[in-house]
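Presented as structure tokens, the chain that follows is alone, the form predicted on its own.
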Amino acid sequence: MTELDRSIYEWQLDLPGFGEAGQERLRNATALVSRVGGLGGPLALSLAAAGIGKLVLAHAGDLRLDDLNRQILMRHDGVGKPRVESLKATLRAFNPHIEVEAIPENVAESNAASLVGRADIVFGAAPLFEERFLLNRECVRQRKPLIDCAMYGLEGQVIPIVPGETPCLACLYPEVPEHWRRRFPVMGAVSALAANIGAMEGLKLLAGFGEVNLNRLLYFDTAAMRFQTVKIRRDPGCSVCGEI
């Protein structure tokens, strides 16, 4: 570690089991975040604050006014412009010592393998199950850990997935839930809470400290401020991970 690294991250170096070795692991790691909106944005910011070496950020489209209640990497002067321009500028200003690669694409069949292949760990924050399923499939195929993060209304969940050790997303959701819809109620504080839980699970996994909640789904309901973990099991007949 450099003296600059020690100066920036000295408060977290005191964490039990983390230290300089953990910080080095983060600095040498590359994380993919898809997408980088109300959930992925705060997640990417927390990874940048922790000193991840490189962020690969995938998010298509231009910024809209109705994004601004939750997409904290964005700015009003970016409305009508590509989202990746705002998020890259914000992260570079926040931590100029990490590398940020912003890709103006959402996860699709044509790019999923390539995007996952760039990273050591993947954070899924897409609002569409189709994108989450693609990330899950590619992470299982490439043996890359995936932190799947989701929220709806005042509820959220985080699932740490390690191929071959834990259930994958398809074990829990073989198909898109029947009543799922693209537009759903969102408050920024709720998506940020899911984001930071997901960030911590990924940071623990990368740096080798604390206890990662493997084989458990973390669920919260902010209406009642209730948190719980739910044990989950691999499906031996899963079409994605059943044979690994």
Partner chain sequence: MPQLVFTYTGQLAAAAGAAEEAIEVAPGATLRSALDFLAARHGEAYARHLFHSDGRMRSTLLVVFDGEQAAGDKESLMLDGVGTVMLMTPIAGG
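The structure presented is a predicted model; accordingly, all values stated were derived computationally and were not measured. Residue numbers count along the first chain shown, from 1.
One more form of this protein, predicted together with the partner chain, exists but is not displayed; see below.
- The stretch that touches the partner chain in the predicted complex, counting heavy atoms within 4.5 Å, is 128 to 136, out of 115 to 123, 102 to 110, 82 to 90, 128 to 136.
- The partner chain in the predicted complex comes within 4.5 Å of no heavy atom belonging to Ile98.
- Although the partner is absent here, Ile147 is not a contact residue: none of its heavy atoms lies within 4.5 angstroms of the partner chain in the predicted complex.
- Contact annotation for Phe94: none of its heavy atoms lies within 4.5 Å of the partner chain in the predicted complex.
- Though the partner is left out of this view, Met151 does reach within 4.5 Å of the partner chain in the predicted complex, counting heavy atoms only.
- Within 4.5 angstroms of the partner chain in the predicted complex, the stretch 195 to 231 places a non-hydrogen atom from each of Leu217, Tyr219, Arg226, Gln228, Thr229, Val230, Lys231, taken in sequence order.
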